[in-house]
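In the block that follows, a single chain appears as structure tokens, in the form predicted on its own.
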């Protein structure tokens, strides 16, 4: 729960400091599956903090970003479904993202040398507001 509040505070602070005084029509937030974020808690925290920072947002949308990996050894790319991780691995990766290499191997060659192309982190994808 603390993790979601910290992320929500970063978003609210950014919107307040970089776009202060604006009323937003919509913001879209991308959330990587590897982040293991509870969207209900994030949404509650974000709305509370935006209210405290006096930032008006008419609509908040969340877009889940699938996990996509690419093996550095053989070049194979694949997607990882959340249910393939299991509860223990998800918890470890939530706190230490690099731990994914301990749990997942390339399905083609078995290498643990791969990069995470998508599915990690949280970021603002879109901000819309009326021009004045």
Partner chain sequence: MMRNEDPRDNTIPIRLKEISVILPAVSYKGGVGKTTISSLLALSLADSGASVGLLDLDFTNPSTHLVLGLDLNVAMPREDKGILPVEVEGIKLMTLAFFTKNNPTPLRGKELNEAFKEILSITIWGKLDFLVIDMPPGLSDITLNVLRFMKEKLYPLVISSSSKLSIHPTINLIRMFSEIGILPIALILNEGAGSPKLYSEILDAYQKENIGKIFRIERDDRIENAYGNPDLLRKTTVYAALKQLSRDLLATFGKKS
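These numbers were taken from a predicted model, which means no experiment stands behind them. Under this definition, the rigid core comprises the largest set of C-alpha atoms superposing within 1.5 Å between the forms. Positions refer to the first chain, counted from 1.
The form predicted together with its partner chain is left out here; the points below concern that form.
Put simply, of 56, 47, 94, 79 only one has a heavy atom within 4.5 Å of its partner chain in the predicted complex, and it is 94. Out of the listed residues 66, 98, 61, 84, 98 is the one that sits within 4.5 Å of its partner chain in the predicted complex by at least one heavy atom. Looking at residue 25, you'd find every heavy atom of it more than 4.5 angstroms from its partner chain in the predicted complex. Proximity of residue 124 to its partner chain in the predicted complex: non-hydrogen atoms within 4.5 Å are present. Among residues of the shown chain, residue 38 is not one whose heavy atoms approach its partner chain to within 4.5 Å in the predicted complex.
In the predicted complex, its partner chain sits within 4.5 Å of a heavy atom belonging to residue 102. Residues 5, 6, 7, 9, 10, 11, 13, 14, 17, 18, 19 are the ones in 4-29 with at least one heavy atom within 4.5 Å of its partner chain in the predicted complex, listed in sequence order. When the rigid core is held fixed, the Cα atom of residue 102 travels 2 angstroms or more between the shown form and the other one.
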